[in-house]
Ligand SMILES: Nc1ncnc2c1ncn2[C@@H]1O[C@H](COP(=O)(O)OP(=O)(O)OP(=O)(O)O)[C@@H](O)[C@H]1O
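A single chain comes next, written as structure tokens; it is the form predicted alone.
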């Protein structure tokens, strides 16, 4: 199989001395292309810290994160930001939508920040798949939590990333909507080739 992500002795420590917190200690993992992987554990066990390092949002204390064999922390800050916009999709528990722009603008925002034009046919396929076609002109605050999460999923998929990270994507949703969102994420692995 094709390895898309690998970590080598990944660590993240906060503080020092007796106040040191070892949020992530020597994490080693491999994820193959097409895999759907969940990181589970109790609250405070370092799941979000690990996910943020995997996606290049947080710098490790030591160790490496390799995406397609390239250590992402070998990039300079600007190059890492560009890499994230082009190769990594993020879905957050709090949705992170921009309240002053409509659904369509939120979905294509990452590509605009990168100076790229959206593949409108591809984005509209995602929009239809997620049932958002009648909501494109809406502002995020006029949508339900489940609809906002669908917009966040569409935004994450729209730039055709190599890998998709979701940090508690169902944490603010009821159980029925949570099941639906997990189903949509699994479908994206199959339909759009995301990991």
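Numbering follows the first chain given and starts at 1. The structure presented is a predicted model; accordingly, all values stated were derived computationally and were not measured.
Below, we refer to the form predicted together with the named molecule, which is not included among the displayed structures.
Listed residues 30, 35, 168, 133 were compared with the named molecule in the predicted bound form; 168 is the one with a heavy atom within 4.5 Å. When the named molecule is considered in the predicted bound form, only one residue from 45, 141, 62, 137 comes within 4.5 Å through any heavy atom, namely 45.
Put simply, residue 49 is close to the named molecule in the predicted bound form: some heavy atom of it is within 4.5 Å. For residue 102, no non-hydrogen atom is located within 4.5 Å of the named molecule in the predicted bound form, even though that partner is not displayed. Remark: residue 21 counts among the residues lining the named molecule in the predicted bound form, judged by a heavy atom distance of 4.5 Å or less. Per the 4.5 Å heavy atom criterion, the named molecule in the predicted bound form is contacted by stretch 36-44, the sole one of 124-132, 149-157, 66-74, 36-44. The single residue of 81-97 lying near the named molecule in the predicted bound form is 93, the criterion being any heavy atom within 4.5 Å.
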